[in-house]
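First, one chain by itself: the form predicted alone, in structure tokens.
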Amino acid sequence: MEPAKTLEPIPGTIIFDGAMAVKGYALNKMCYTFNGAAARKEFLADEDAYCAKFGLTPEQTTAIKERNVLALLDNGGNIYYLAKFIGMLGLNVQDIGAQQTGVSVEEFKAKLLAAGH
């Protein structure tokens, strides 16, 4: 059996590895709770208190308050758990794609259409 090769990172890609899982544990745990209506209601009533309840870092709390998905990913957020959060806010994948590419949602949609998607 050959040893695993070290892969070159893809520029601009945040790799969710063990270190990121540890970094984002509290954030992802909080986002998992949004499966329940009571948790969503509690969060929306007092976002700061809800973030503090799970021990989010100041950077994670700021990213939550600013709805900055890229910053959440950079702070250990796992996209599957963050989907609970962004879905609660009424955002969709195209909104996230626009954030990731630094363009408006309309510009992002136009890029997708131009690429044939």
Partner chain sequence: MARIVGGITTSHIPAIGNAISREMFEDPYWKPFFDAYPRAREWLDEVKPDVAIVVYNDHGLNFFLDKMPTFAIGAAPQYTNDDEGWGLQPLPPYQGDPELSWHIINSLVADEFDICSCQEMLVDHGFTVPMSLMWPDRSKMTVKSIPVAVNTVQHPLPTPARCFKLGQAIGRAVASFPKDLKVVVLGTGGLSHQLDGQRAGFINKEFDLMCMEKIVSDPEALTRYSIHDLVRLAGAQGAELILWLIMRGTMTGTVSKVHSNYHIPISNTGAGLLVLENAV
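Every value quoted in this text rests on a predicted model; they were computed, and no experiment measured them. Numbering follows the first chain given and starts at 1.
Just so it is clear, the following notes concern the form predicted in complex with the partner chain, a form of the same protein that is not shown.
The candidate spot formed by Leu44, Asn68 and Val105 is out of contact with the partner chain in the predicted bound form: none of the three has a heavy atom within 4.5 Å.
In the predicted bound form, the partner chain sits beyond 4.5 Å of every heavy atom of Thr62. Although the partner is absent from this view, Leu73 contacts the partner chain in the predicted bound form, with a non-hydrogen atom inside 4.5 angstroms. When the partner chain is considered in the predicted bound form, Ala39 lies well away from it, no heavy atom lying within 4.5 Å. The partner chain in the predicted bound form is approached by Tyr81, whose closest heavy atom lies within 4.5 angstroms of it. Applying a 4.5 Å heavy atom cutoff to the partner chain in the predicted bound form picks out Val93, Gln94, Ile96, Gly97, Gln100, Thr101, Phe108, Lys111, Leu112 from 93-112, in order along the sequence.
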